[in-house]
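Below you'll find only one chain, the form predicted alone, shown as structure tokens.
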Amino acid sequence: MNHIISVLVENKAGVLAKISGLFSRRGFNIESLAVGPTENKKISRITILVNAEKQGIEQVIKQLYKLINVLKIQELDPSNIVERELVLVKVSTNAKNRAEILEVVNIFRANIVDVAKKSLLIEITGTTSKIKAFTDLLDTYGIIEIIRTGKIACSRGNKKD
């Protein structure tokens, strides 16, 4: 089962290594990891997607709280979040299929960020399912390369809700 964990930490060197090491020692593979500063430059948010049993995640969360630089941990409810991922897709093109690919790009509200003679570099932001649908369509043209940022997520509503 996939779990999305949001961890607020002090923005200091080595904190990410300690957190990822904790998951590794417990035998969990991190499916997605995104890190960045929050509205407070002294605090970073780490968003972790991990596939594990509920009991295992509960143990890891308890151990995370023991780390000195961890300020707050929240397991996000998938039914009450906004989630996004940024993906760059380099797709093979030619004179015959370029218009078709541009149509797919427009339908998915993606952006062309680089044009070359035999390829397009496309940027798309969205949910995992949107990105999968997009890449499935582009796969027929020949995907050269895919680069993903990792999932970010935020609970819906106000912090006080």
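Quick caveat: nothing in here was measured; it's all calculated off a predicted structure. So that there is no doubt, residue numbering starts at 1 and follows the sequence shown.
The same protein also exists as the form predicted together with another copy of the chain; that form is not shown, yet it is the one meant from here on.
Participant: At 4.5 Å between heavy atoms, is K118 in contact with another copy of the chain in the predicted bound form?
Facilitator: Taking the distances in the predicted bound form, the answer for K118 is yes, it comes within 4.5 Å of another copy of the chain.
Participant: Look up in the predicted bound form whether N2 has a non-hydrogen atom within 4.5 angstroms of another copy of the chain, and give yes or no.
Facilitator: So N2 does not count as contacting another copy of the chain.
Participant: With heavy atoms only and a cut-off of 4.5 Å, decide whether F108 touches another copy of the chain in the predicted bound form.
Facilitator: Residue-level check for F108: no, no contact with another copy of the chain.
Participant: Report yes if any heavy atom of E100 sits within 4.5 Å of a heavy atom of another copy of the chain in the predicted bound form; otherwise report no.
Facilitator: Because no heavy atom of E100 falls inside 4.5 Å of another copy of the chain in the predicted bound form, the answer is no.
Participant: Relative to another copy of the chain in the predicted bound form, which residues of 1-34 have a heavy atom no more than 4.5 Å away?
Facilitator: Heavy-atom contacts to another copy of the chain in the predicted bound form: N11, K12, A13, G14, L16, A17, S20, G21, S24, G27, F28, N29, I30, E31, S32, L33, A34.
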